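Below you will find one chain, with nothing else, as structure tokens; this is the form predicted on its own, and questions on how it binds or moves follow later.
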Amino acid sequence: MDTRITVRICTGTACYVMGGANLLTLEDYIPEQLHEIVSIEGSPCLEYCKSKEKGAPPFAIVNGVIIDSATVGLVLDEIKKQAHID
């Protein structure tokens, strides 16, 4: 497994208040075998909340895949999908 997975978590006010603060604990839930290929970074407002078509905050991006109404579980599911593990 040499594919890097980058997770960007919106830390803008709306996202932070709507649950994004919980996403900042994501690293605690990453499976051990993925620790070396997953990087997590906070990002100032991604501006997705300004467009209703993008969905609802909080937002996270996993290698370009936008996740709206993001939870730790949803983000982990996308990470596992991209890493091809169950």
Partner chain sequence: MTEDYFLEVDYYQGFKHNQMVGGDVFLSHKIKEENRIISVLSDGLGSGIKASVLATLTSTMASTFVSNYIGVKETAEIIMRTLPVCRQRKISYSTFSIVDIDSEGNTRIIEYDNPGFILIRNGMPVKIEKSPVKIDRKQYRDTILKYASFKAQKGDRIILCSDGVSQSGMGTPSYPLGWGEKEVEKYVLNIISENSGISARDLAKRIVNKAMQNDSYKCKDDTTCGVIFYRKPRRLLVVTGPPIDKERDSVLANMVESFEGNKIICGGTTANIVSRELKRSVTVNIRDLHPDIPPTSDMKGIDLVTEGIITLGKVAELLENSLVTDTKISTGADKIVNMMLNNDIIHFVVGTKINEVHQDPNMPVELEIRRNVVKKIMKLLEDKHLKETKLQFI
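Here the structure is a predicted model, which is why all the values come from computation and not from measurement. Residue numbers count along the first chain shown, from 1.
Just so you know, the form predicted together with its partner chain exists too; it's not on screen, but the next bit is about it.
Asker: Can we say 25, 40 and 57 each have a non-hydrogen atom within 4.5 Å of its partner chain in the model of the complex?
Answerer: Looking in the model of the complex, the three residues 25, 40 and 57 all sit within 4.5 Å of its partner chain (heavy atoms).
Asker: Is it the case that residue 50, even though its partner is missing from this view, gets within 4.5 Å of its partner chain in the model of the complex, heavy atoms only?
Answerer: Looking in the model of the complex, residue contacts with its partner chain include residue 50, since a heavy atom lies within 4.5 Å.
Asker: If we define contact as a non-hydrogen atom of the residue within 4.5 angstroms of the partner, is residue 13 a contact of its partner chain in the model of the complex?
Answerer: Yes, residue 13 is a contact residue.
Asker: So in the model of the complex, does residue 34 come within 4.5 Å of its partner chain, heavy atom to heavy atom?
Answerer: Taking the distances in the model of the complex, the answer for residue 34 is no, it never comes within 4.5 Å of its partner chain.
Asker: How about residue 62: is it within 4.5 Å of its partner chain in the model of the complex, going by heavy atoms?
Answerer: Residue 62: no, not in contact with its partner chain in the model of the complex.
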